[in-house]
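This document opens with one chain alone, in structure tokens, the form predicted alone.
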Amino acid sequence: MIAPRAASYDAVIVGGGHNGLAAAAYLGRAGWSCLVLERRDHLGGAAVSERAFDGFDARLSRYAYLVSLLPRQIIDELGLRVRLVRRSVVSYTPDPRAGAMSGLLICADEHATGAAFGRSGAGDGERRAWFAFHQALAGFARRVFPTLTEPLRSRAELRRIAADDELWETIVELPLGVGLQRIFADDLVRGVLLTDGLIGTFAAAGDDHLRQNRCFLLHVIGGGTGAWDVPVGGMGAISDALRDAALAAGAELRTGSEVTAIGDGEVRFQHGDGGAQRSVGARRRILANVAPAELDRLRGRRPTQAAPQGAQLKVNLLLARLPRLRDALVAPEQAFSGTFHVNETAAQLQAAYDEAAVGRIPALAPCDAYCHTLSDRSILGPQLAASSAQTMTLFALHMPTQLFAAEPERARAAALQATLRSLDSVLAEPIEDCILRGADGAPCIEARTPLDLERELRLPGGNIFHRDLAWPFAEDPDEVGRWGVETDDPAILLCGAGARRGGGVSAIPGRNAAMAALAGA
């Protein structure tokens, strides 16, 4: 039985992830009354910091882990108390062709990066191509990124703003693998670049559907620089700051409140296990900080798009110390402070995709590794912080949802083993020797498959972007001048990662949904 509607608000926001909190902060500051309903017992969605391992005071960024897309504009407009640290090392990639005895170190120091190209064997031509490409990419990012918090441009207008037809062709028009192959000859160098197009996206570099291109574009324009920064205090610090901004703006935030239906200016929800169904009215707008497929379900509709599919295995580790490398010229503290690319040459990425496409877990899983604590030890308690302990995140590519569907636990174990085996292949010692163990002797390892993300976060298919990413421009003339958050019901707006210009920890869809709501008020 549904209780009578007890209250109404100008806006009801479904989902208390970071985008929903951003929308509430903006609308509240504009004088709207806002209610945020969150199913879980805490706010933040995927942007949270949690103690993953019993007996250890370490607050890991359990799902999302780096920040690039959160605009300084939003930080300033909402007065967010967040601190982002720029990594001096961008990436390190062991070269499997050299038995991982050498590798390519990309860092803020261009001289050091150039010297690393010389040691890697990629050649002087690749070094020149790398710097020319990234100089062009920096200009592209600087011009395109600000448009993400503005009404949508047409494709032609955004191409004009980008002001680089050659780069536009590489990123937007040609399959990413084809475009990069025209610029770079070296398999290792191409692989380093391709990973930005394949994180969380199941695609081959040369696929004509260009999902990999849209993912690449998202990853290289953040902040107008493409740099990926470390959130001090962990990812939860971002959500905490947005929560505080929403509360300061007068928003009401309710956790443990699962929305069960949306429609006709009304949101139905259940508070707590076994609680009575309640109903609340939205006088102006309902903002959905959920995946589009989840919104369809809540509206009682069939999905309007094909079922999304995730493509990653997220592994969190707590280490007693960093592992030793085979490359004697690079210290582990350098290699792991940036993104550590493991078995991610272009050929290895394609081989892993081919295996996964026919239902096999890649034998040597390509993955990215990164140690938050090399940039920010505040996520560790005093005892761990005073030791040599480090957190490590592994993000394995080409692990699509379909691999885990039949036997989830067996597949999880096999995928984790393949990922750790891949990492071991570029180390001078097994990573297992470095992992801390709890009082029960269990290693501090946590693995999350796409199915886990679907269950825990209601991400359809475990897709970290909620659905396939969209281009950041209007693909239909009717979209020009809109905000990319609209649905077929004028009273309902998307404010999560599934909106156009969604994906990543950015708060952009939350802000854009608030702007659309205020513009249509």
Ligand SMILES: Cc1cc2nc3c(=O)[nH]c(=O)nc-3n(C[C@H](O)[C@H](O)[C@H](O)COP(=O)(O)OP(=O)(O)OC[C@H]3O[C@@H](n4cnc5c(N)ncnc54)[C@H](O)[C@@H]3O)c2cc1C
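One-based numbering along the sequence shown. None of the values given here were measured: they were computed from a predicted structure.
Only in words, not in the display: the form predicted together with the named molecule, which the text now covers.
With the named molecule left out of view, the stretch that reaches within 4.5 Å of it through heavy atoms in the predicted complex is, among 485-493, 36-44, 471-479, 50-58, 36-44. Using a 4.5 angstroms limit between non-hydrogen atoms, L27 is distant from the named molecule in the predicted complex. When contacts are judged by a 4.5 Å heavy atom cut-off, S257 counts as touching the named molecule in the predicted complex. Although the partner is absent here, V290 sits close enough that one of its heavy atoms falls within 4.5 Å of the named molecule in the predicted complex.
In the predicted complex, the named molecule lies farther than 4.5 Å from every heavy atom of D244. Contact residues in stretch 478-505 (any heavy atom within 4.5 Å of the named molecule, taken in the predicted complex) are G496, A497, G503, G504, V505.
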